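Single chain ahead, by itself, as structure tokens, in the form predicted on its own.
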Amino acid sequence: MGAVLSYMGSILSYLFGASTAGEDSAVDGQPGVTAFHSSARWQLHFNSIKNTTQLMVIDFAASWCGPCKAMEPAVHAMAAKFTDVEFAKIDVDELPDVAQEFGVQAMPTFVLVKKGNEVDRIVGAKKEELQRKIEKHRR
């Protein structure tokens, strides 16, 4: 019985991030962009914002993607500038199910969501276009 409880505790820790290995975090220690490392935590968070009118920008990227890395400073700057907008980062290799759910086929892909629905999408490292679309949809 003890082994079963230990195993169940491990599963719950993995799903809900009781250990630091699976925790969601500010990217590079900077506030403004939250990186999700667990599909269960992502779903809980995404479901919690579905009833709000706040704009969420989801940055789908990969650690090996050069254009994704090139966009990081711009995304952090936008997160600092648009404090009324929520920024989330999903590594497509860590959470392929989330990337598939949003139909991501190239990186970087930025999906803009309001009330749980996609309102816009930018595919590629297009800083100016991303900023324009954030300004358009944040109101």
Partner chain sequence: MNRTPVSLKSLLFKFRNFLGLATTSIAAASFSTTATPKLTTATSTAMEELKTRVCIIGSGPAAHTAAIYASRAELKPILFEGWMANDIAPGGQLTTTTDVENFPGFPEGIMGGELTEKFRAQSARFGTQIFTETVTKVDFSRTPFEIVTDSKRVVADSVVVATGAVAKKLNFVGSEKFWNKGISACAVCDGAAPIFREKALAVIGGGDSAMEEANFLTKYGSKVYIIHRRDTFRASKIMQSRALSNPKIEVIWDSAVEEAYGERVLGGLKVKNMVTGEVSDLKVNGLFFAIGHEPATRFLDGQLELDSDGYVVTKPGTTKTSVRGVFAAGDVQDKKYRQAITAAGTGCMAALDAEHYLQEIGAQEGKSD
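Residue numbers count along the first chain shown, from 1. Fair warning: this is a prediction, and the values are worked out from it, not measured in the lab.
Although it is not shown, the form predicted together with the partner chain is what the next lines describe.
- Under a 4.5 angstroms non-hydrogen atom cutoff, the partner chain in the predicted bound form has Met71 among its neighbouring residues.
- Using a 4.5 Å cutoff between non-hydrogen atoms, Ala125 counts as a contact of the partner chain in the predicted bound form.
- Shown alone here, Val104 lies within 4.5 Å of the partner chain in the predicted bound form, counting heavy atoms only.
- Taking the partner from the other structure, the partner chain in the predicted bound form has a heavy atom within 4.5 Å of a heavy atom of Cys65.
- Residue Ala99 is the only one of Leu112, Ala99, Val85, Ile49 with a heavy atom lying within 4.5 Å of the partner chain in the predicted bound form.
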